[in-house]
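Okay, here we've got a single chain as structure tokens, the form predicted alone, with questions on binding and movement later.
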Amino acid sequence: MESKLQVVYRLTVPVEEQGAFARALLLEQTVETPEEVALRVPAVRERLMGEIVELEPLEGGGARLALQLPVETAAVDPAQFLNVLFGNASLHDQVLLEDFELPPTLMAHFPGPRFGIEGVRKWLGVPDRPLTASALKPVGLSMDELVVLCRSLAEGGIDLIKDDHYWGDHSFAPFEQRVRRCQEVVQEVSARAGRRIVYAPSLSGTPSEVLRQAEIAQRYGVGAVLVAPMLLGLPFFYELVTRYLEVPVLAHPSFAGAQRIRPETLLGKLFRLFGADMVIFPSFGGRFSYSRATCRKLAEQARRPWGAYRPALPLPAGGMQVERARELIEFFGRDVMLLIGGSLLRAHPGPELTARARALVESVVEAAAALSNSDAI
């Protein structure tokens, strides 16, 4: 096990077909030839075939399949790792990627979060309470309207203000102009308030365009960036984080639902493995269908001890209401950043929105105090 990548799949295959299907899947994820062809070559037979370590029929139908796969084939590069993890297997409608475990030799190939929860807290100067975030939207606002919106949220005490992920390099709000003006706002309000407020622009486009945007954003001094790893591609996300970014990375889940991978594994584990410091995910009770159990598992995956990797900060989002702040903090605990957009933005930008943002921050502080009191009892 120490030198093997263990991968767990959920199969929706009739009982009588499970053994043959599992063997075929093992070959598909390793040598991709008929077994007799692979067995002719001693090195392939002895080192690269992998093995089935568990095939357990499930009470509700289907089966849980655990494979041990050779590290030699997975450790070449991030794309090859994903290929071994869930390459051809993903083409089978009957297969879902449930989980994976890395041996130490493979963990050394991936960065994990460079800041993690502790680093993000230090970056923001908030050592203990739950954090707050909101989004600049809708897409289509003029630059002046964006600036007013950004200022309203900053003056209301929101810790992190991000671009909506639909912002690109639009003609009505070009990337460089948007970054410059929003960053000027948060720096001005931060200086006046005596606390750090972070603006996170969205990096989006082809690899060359994203690298150009990363250089611009960091030149203007942004405190974080927003990236959708599945839209850009996980191998490019890995390179972007490890080679080109010096600020915390906020990972957005767009396009993640197009994969047959459990959300807690993809968002809570793979995004963290590839370098996300903060992970946005659709919370229960919003406009998406994630259950309470899935959200709990996802947050736990992001924060759990995992080798030398720093824990990532979970950001429940997706239609969260200001009035639910206490409920969400009681559910997710102290190490969380609540991302509330539309519910805040129902208030008009200006004094009304600032007041509503301030009320959210105050409710978070009160909920954290109540959580501390309950822990002390």
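Computed from a predicted structure; not experimentally measured. Residue numbers here begin at 1 and follow the sequence given.
There is also a form predicted in complex with a further copy of the same chain; it is not shown, and the following applies to it.
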Which listed residue (216, 231, 126, 147) meets the criterion of a heavy atom within 4.5 Å of a further copy of the same chain in the predicted complex?
231
151, 121, 303, 165 - the one with a heavy atom within 4.5 Å of a further copy of the same chain in the predicted complex
165
Candidate spot 41, 86 and 256, all three touching a further copy of the same chain in the predicted complex (heavy atom, 4.5 Å):
yes
Which one of these stretches, 294-302, 91-99, 104-112, 184-192, sits within 4.5 Å of a further copy of the same chain in the predicted complex when only heavy atoms are counted?
91-99
Since only the chain is shown here, I'm wondering whether residue 141 would be in contact with a further copy of the same chain in the predicted complex (any heavy atom pair within 4.5 Å).
yes
Using the partner position in the predicted complex, report whether residue 53 sits within 4.5 Å of a further copy of the same chain, counting heavy atoms only.
no
a further copy of the same chain contact at residue 30 in the predicted complex, heavy atom, 4.5 Å:
yes
Given that the partner is absent here, does residue 265 sit within 4.5 Å of a further copy of the same chain in the predicted complex, heavy atoms only?
no
